[in-house]
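Here you get one chain, nothing else, as structure tokens; it is the form predicted alone.
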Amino acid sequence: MEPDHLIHVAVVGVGAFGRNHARVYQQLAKEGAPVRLVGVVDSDTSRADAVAREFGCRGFGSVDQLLTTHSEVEAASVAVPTVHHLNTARHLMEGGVDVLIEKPLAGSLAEADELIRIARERVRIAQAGHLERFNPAVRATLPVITRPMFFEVHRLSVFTPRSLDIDVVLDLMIHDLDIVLSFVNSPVREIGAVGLPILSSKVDIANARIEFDSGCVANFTASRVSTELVRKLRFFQPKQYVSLDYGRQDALVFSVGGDGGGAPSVNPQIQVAKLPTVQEEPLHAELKSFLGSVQRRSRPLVDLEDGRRALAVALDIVAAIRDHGSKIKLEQLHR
């Protein structure tokens, strides 16, 4: 593929988040990136048409219609509900289209394995949509990681009617599971978890404790029924404490001794430094990276194996929550 080859892209599923994919593809094109948004697909054709009008492309009611009309489509974002990820991505990849599949990658590990198999068989670029990997604060933190030993992670959001087909673990916590798994790079040894349904039939608030073979321990709290918006990750490693704020896109490093390169904090023995970041909308960075992989035919920064790894831990947490609920007879408490 030529370096400046114009990539024709589409977005399949243009609800709240899929619409953002269409917006950013159009934005990248305006900035001079070699991309052209040619179509959006949604089973709700009135929604597809509305988004298509907004971003200057065509709307379709099915992937079949898209591929029949635009055989030149080479890449697509898959932002349909999780239960449809496998069939939608399969259809696209078998049609010769590279895909970015929103998180969670699939509803089960068997479906995730099938997606991986199809991508390999069809020699397709396939990226998992773990957006926070592209957060400037996460990117800035990577160079300072040595040996993380303890994580405390909070992701709290107010209630919205979106994504209620899945637990909060697969909806929100999975972002942080992916980040911590990439930071620690060690197999999971043990998982304990508790969760409750509050405003939906699924688990809306959850806490999980994960112990890794490296000895690292990570605590995760995720809620979609909070009164405030919090997206923070903090971790300790030898002689350092790192505090990362996804929302503000910044990260602070507190170092013991004079080797931290920062200014003295309240305690003169501890240096504090703000890590240098380049502010960018994570979705902008993610789609730019995806298009780069499509151009170069290179492995995505977040591949399907990464998506499967995060999904496997998330599903283990969901199972641990279910086990805990049955032990304390949670259903009886809700009667």
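Every value quoted in this text rests on a predicted model; they were computed, and no experiment measured them. Note that residue numbering follows the sequence shown and begins at 1.
The same protein also exists as the form predicted together with a small molecule; that form is not shown, yet it is the one meant from here on.
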property: Stretch in contact, per heavy atom within 4.5 angstroms of the small molecule in the predicted bound form, of 146 to 154, 111 to 119, 126 to 134, 221 to 229; result: 126 to 134
property: Position in contact with the small molecule when the complex is considered in the predicted bound form, options Arg248, Lys239, Arg189, His84, heavy atoms within 4.5 Å; result: His84
property: Full three-residue contact with the small molecule in the predicted bound form, heavy atom 4.5 Å, for Gly39, Arg58 and Ala89; result: no
property: is_contact(Gly325, the small molecule) in the predicted bound form, heavy atom dist at most 4.5 Å; result: no
property: Any non-hydrogen atom of Ala10 within 4.5 angstroms of the small molecule in the predicted bound form; result: no
property: The small molecule contact in the predicted bound form: Ala75, any heavy atom under 4.5 Å; result: no
property: Contact flag, Asp176 vs the small molecule in the predicted bound form, heavy atom cut 4.5 Å; result: no
